[in-house]
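Read the single chain below, which is given as structure tokens and is the form predicted on its own.
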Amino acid sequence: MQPRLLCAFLVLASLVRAQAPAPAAANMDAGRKLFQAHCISCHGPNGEGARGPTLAQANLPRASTDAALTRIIRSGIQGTEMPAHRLQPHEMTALTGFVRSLGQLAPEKVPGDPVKGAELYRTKGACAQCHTLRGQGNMIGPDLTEIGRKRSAAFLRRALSEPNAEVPQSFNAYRAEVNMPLNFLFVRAKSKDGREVAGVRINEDTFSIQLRDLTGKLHSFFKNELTELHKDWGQSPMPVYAAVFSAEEMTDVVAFLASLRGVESR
């Protein structure tokens, strides 16, 4: 090869190498595209959490290692809304790496005063009537002790403003192996002796149903004892707090809920 041609070839090769993405960068880009295709509808665009838990944190409760995270992506989580994904090995590696990178993002900045929000939670909101926080309150709705680690501020605001929007929209029979969100069902029952009870389904089989009313009291009925059994699919007994709190109060309550991170929030 002529010296001039050899020089041109080397220059061209160096330009191609400079323009080609590094393997790590290419892998991250592939992982981002897979995340956008499969994950953002439940976990949010940046893993901040929506119907699914927050992924933008350094330590994922269910996936402390890459192997555990890969296993969850591949197999899903039984009894939850997390499905299994059929991906090629290189795609699984890329997606796992991208999800891990979300833990390096700066924590979400949430406006509002969490101290004022805590007071509103206890008083005007009367949230402990249905929710447990650090062992205090009722068990009608989800435990909120770690809700700030699990869901984004946007999700929390929507759950307060439009509670029915975050109730699983399904008509599933009760399944013992499924967790509370998927089994959630508000029930109204009337017995032959005139008792009327409304509450959240705790258990159900072909012949009986158990529920917890809004005072926290448990009730159990054989279905042949009932004259009425209404199942309010997709409905939540939680008030529409947009009509309870002012805009400023709502912001403070969201700030308080977002601050709840289990032991860290004590």
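In this text, all values refer to a predicted model and were calculated from it rather than measured experimentally. One-based numbering along the sequence shown. Rigid core here is just the name for the largest C-alpha set that superposes within 1.5 Å across the two forms.
Another form exists, predicted in complex with a small molecule; not displayed. Remarks below refer to it.
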* Asked: Looking in the model of the complex, any heavy atom of Ala63 within 4.5 Å of the small molecule?
  -> yes
(request) Please check if Ile202 has a heavy atom lying within 4.5 Å of any heavy atom of the small molecule in the model of the complex. (result) no
- Heavy atoms within 4.5 Å of the small molecule in the model of the complex: does Met238 have any? yes
Since only the chain is shown here, I'm wondering whether Gln129 would be in contact with the small molecule in the model of the complex (any heavy atom pair within 4.5 Å). yes
As a check of understanding, the residue in Ala94, Ile147, Val110, Ala189 with any heavy atom within 4.5 Å of the small molecule in the model of the complex should be identified as Ile147
- Query: Can all three of Pro53, Ile73 and Glu81 be found with a heavy atom no more than 4.5 Å from the small molecule in the model of the complex?
  - Reply: yes
Could you check, with the core superposed, whether the Cα atom of Ile73 shifts 2 Å or more between this form and the one not shown? yes
Exercise. Taking the rigid core as the reference frame, is the Cα of Ala58 displaced by 2 Å or more between this form and the one not shown?
Worked result: yes
Once both forms sit on the same rigid core, is the C-alpha displacement of Gly47 at or above 2 Å between this form and the one not shown? yes
What changes in the model of the complex is the Cα distance between Gly79 and Gln136, by 3 Å or more; the two atoms are closer
The CA atoms of Asn203 and Gly79 move 3 Å or more in the model of the complex, ending up farther
